[in-house]
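One chain follows as structure tokens, the form predicted alone.
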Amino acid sequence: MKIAVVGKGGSGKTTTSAVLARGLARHGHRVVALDCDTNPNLGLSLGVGDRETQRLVTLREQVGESDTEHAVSWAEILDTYGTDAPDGVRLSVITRIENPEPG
């Protein structure tokens, strides 16, 4: 299952995403949360804290501003640019996925 949360600024997308992610994970689902927002705060809402959220944002900025190659697979995205959040949620702050694997 893939769920995307979209809407106007300030409408509660980040909060809704965090509640959905943690709730689904608590019920045994494997959850990967991707924060693609220009102002990424999903890490804070998921409970990973300021320092870890900023680390992920910095990694994303380094990819966007340098010759660093984008990750080419889900495993690489999560291993390189991800972190573990409470309740078993895996979080990554990304800009885009260049050539997604099918499925």
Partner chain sequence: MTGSRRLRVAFVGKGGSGKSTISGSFARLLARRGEPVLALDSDPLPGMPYALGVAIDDGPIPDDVVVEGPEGGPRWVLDPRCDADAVIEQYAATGPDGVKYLQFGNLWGHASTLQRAQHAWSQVVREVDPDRWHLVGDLPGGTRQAMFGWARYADTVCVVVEPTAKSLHAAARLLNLSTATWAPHHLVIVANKVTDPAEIEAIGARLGRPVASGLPLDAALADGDRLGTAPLDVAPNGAFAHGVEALIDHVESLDYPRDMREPS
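Model, not experiment: these values are computed from the prediction. Positions refer to the first chain, counted from 1.
This protein has a second form, the form predicted together with the partner chain, left out of what is shown; the following refers to that one.
Although the partner is absent here, E61 lies within 4.5 Å of the partner chain in the predicted complex, judged by heavy atoms. A residue is said to contact a partner when one of its heavy atoms sits within 4.5 Å of a partner heavy atom; L44 meets this definition for the partner chain in the predicted complex. Taking non-hydrogen atoms only, T80 never approaches the partner chain to within 4.5 angstroms in the predicted complex.
Contact annotation for S73: none of its heavy atoms lies within 4.5 Å of the partner chain in the predicted complex. Although the partner chain is not shown here, in the predicted complex the stretch 5-36 places heavy atoms of K8, G9, G10, T14, T15 within 4.5 Å of it, in sequence order.
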